[in-house]
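Just the one chain here, the form predicted alone, laid out as structure tokens.
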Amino acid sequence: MTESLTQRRTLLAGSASFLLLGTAGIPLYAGAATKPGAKSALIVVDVQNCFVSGGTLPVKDGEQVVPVINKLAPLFANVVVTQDWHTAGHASFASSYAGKKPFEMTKLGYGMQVLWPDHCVQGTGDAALHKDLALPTAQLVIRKGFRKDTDSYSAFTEADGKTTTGLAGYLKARAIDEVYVCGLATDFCVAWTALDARKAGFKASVIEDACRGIDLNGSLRAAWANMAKAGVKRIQSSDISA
């Protein structure tokens, strides 16, 4: 098992080893005024009906990121959007296992997996992008989690730690070397995306007020600590200028 995959599973389970990072005085990287250039990309993660109020797996106040992201997007020459895009009966759904309930764990071929309520099923309204999300200049939509036996949080790599989405290659082919990540949820898909961006050699920032978290068993604090350790900057939308 690779170190990165071990870290991800630990984060997902809210392990105490990650919580220690949040209490050991590891500094979070402070934001500073920045102007995105031609080599920067905004990655908008999973701002879908599923993850806002009324969805099948709502993140508290998830819809509040929409106006923030809409203001940010015109400041970027490059915009990428992701969508959770599961098959019916997906391996990450609790309903796929007799006697299992949402937020319990099960073991899959790549390790321990949190079981979720059925959500973001391909082609459903639940999987659609939020109706008020305005990203007319987005050039790429990455759909993840469409393999029935593998979950996917990161925009770069699926939960098995080895199956890629092709995003890193796309960005590098366009000479993009810096990403700004926002969306839902901070402690899962946003954090994993930012961490994988760093592993792929990109500079990475997470725009805190353009995200909302789930905070499952301390996962939000753990995610920020782990991102800080990896060199991910924690910034606000006000830190980004035209």
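Since this is a predicted model, take the numbers as computed values, not measurements. Quick note: we count residues from 1 along the sequence shown, nothing fancier.
Form predicted together with a small molecule: not shown, discussed below.
Look at the stretches 187 to 195, 200 to 208, 33 to 41, 62 to 70 and give the one with heavy atoms within 4.5 Å of the small molecule in the predicted bound form.
Of the options, only 187 to 195 has residues within 4.5 Å of the partner.
Although the small molecule is absent from this view, report whether residue 130 comes within 4.5 Å of it in the predicted bound form, heavy atoms only.
Residue-level check for residue 130: no, no contact with the small molecule.
Contact between residue 153 and the small molecule in the predicted bound form at 4.5 Å, heavy atoms?
Residue 153: contacts the small molecule in the predicted bound form.
Would residue 180 sit within 4.5 Å of the small molecule in the predicted bound form, counting heavy atoms only?
Result no; residue 180 lies far from the small molecule in the predicted bound form.
Evaluate residue 76 for contact with the small molecule in the predicted bound form, applying a 4.5 angstroms cut-off between non-hydrogen atoms, and reply yes or no.
Looking in the predicted bound form, residue contacts with the small molecule do not include residue 76, since no heavy atom lies within 4.5 Å.
So in the predicted bound form, are 57, 116 and 214 all sitting within 4.5 Å of the small molecule, heavy atoms only?
All of them do, each having a heavy atom within 4.5 Å of the partner.
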